[in-house]
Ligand code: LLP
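Take a look at this single chain in structure tokens; it is the form predicted on its own.
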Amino acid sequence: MSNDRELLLRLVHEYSSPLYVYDIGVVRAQVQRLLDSVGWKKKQILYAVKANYNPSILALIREMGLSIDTVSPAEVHLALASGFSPRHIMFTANNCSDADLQEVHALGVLCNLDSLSALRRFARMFPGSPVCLRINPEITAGSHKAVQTAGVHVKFGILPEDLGEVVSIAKSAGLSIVGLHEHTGSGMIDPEDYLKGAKKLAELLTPQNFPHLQFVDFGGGLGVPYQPDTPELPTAILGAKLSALFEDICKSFGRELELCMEPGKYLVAQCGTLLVQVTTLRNNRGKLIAGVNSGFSHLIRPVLYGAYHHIENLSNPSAATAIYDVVGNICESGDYFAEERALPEIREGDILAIRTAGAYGASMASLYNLRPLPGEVSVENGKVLRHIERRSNKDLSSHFR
């Protein structure tokens, strides 16, 4: 969002705080930018729904013709309830149980399996079925070790050296390997980091091993600028290079395949703002600490990943700046949103806007300390599309009785 101070202050006055606000127009622009950047005609973008489950976002994703990537049976049910057909949903689970596979397969959704164990169990339960396989390209990328999802010792994907066994299992059970998938990590800004994984997967594609192949999925992990001075991902460059690479892949393979990508953060991170109110100010021997009515139970990324989120003082934007720690209301000393951050003078009662919070904010929130989850408001062109109300403390406590 930009130039939205008055709107956000009006929304927080009407709906109170803490409050997540999503600008659906930003999501629309990001989707269109990605679609326009990839010139390969036979393509499919699958939104990684784990990034944000908001109904307004899902409605837009469906309206713009995207599919859905899910990582749990509940996400599959959510996608179906949101109007996506089974053929527009993929289930990419990690360490999935037999019960997970049975539930998802019964719904007619394609399973993307990431281990020999899962493949053997799937083959035993559902011989003759189509399947997708997640390959570990052994290319490590991503902004933090916790979101680097490829490499020899990570928990994701089938190693290239095991492809012989993969082919043997598939043939013996009559499985049709219709898709191959890889994902190297999250938060990539350099197109070359993304392309390295794509090129590694391309080396493994042969019509002899994968005669039923229909698509190749290069995963997600496209980064966004969390800090004001961070450059944008050059999506047009990435799209052009990926399309050219895929054209070569298809020529080598002998027929046209579908190119798939699975962005989550890239589509929704910049649409979201978490609005919080300052409740407490401390001056601890010269260290200024601003306490707010939210915490890492609502936005865990700074604590979990050391992630940066830009913060604005909406109530006092033109004041002289000072250096603050912005901390939460959770009973943990590590509960913070920012440390040593220059901000316009903060007063008790001020509204702070924590930016770029549309991805892995509300979706990773918890009820820790039994604090209610924030409300959520989606807007487009200044108009409120939907409001999800925050539960009261009394309602929340009754849930556990």
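No experiment lies behind these values; they were computed from the predicted model shown. Numbers follow the displayed sequence, beginning with 1.
Unshown form predicted in complex with this ligand; subsequent notes refer to it.
- Shown here without its partner, the chain carries A48, H181 and M364, all of which come within 4.5 Å of this ligand in the model of the complex through at least one heavy atom.
- Only one of 73-81, 256-264, 205-213, 283-291 places residue heavy atoms within 4.5 angstroms of this ligand in the model of the complex, namely 256-264.
- Interface membership of Y305, defined by any non-hydrogen atom within 4.5 Å of this ligand in the model of the complex, is confirmed.
- Although the partner is absent from this view, G187 contacts this ligand in the model of the complex, with a non-hydrogen atom inside 4.5 angstroms.
- This ligand in the model of the complex is not approached by G328, whose heavy atoms all lie more than 4.5 angstroms from it.
- Proximity of G221 to this ligand in the model of the complex: non-hydrogen atoms within 4.5 Å are present.
- A single residue from the set S297, T92, Q270, N136 has any heavy atom within 4.5 angstroms of this ligand in the model of the complex; that residue is T92.
- A heavy atom within 4.5 Å of this ligand in the model of the complex is found for exactly one of R301, H105, H310, H88: R301.
- With contact defined as any non-hydrogen atom lying within 4.5 angstroms of this ligand in the model of the complex, Y360 is the only contacting residue in 338-360.
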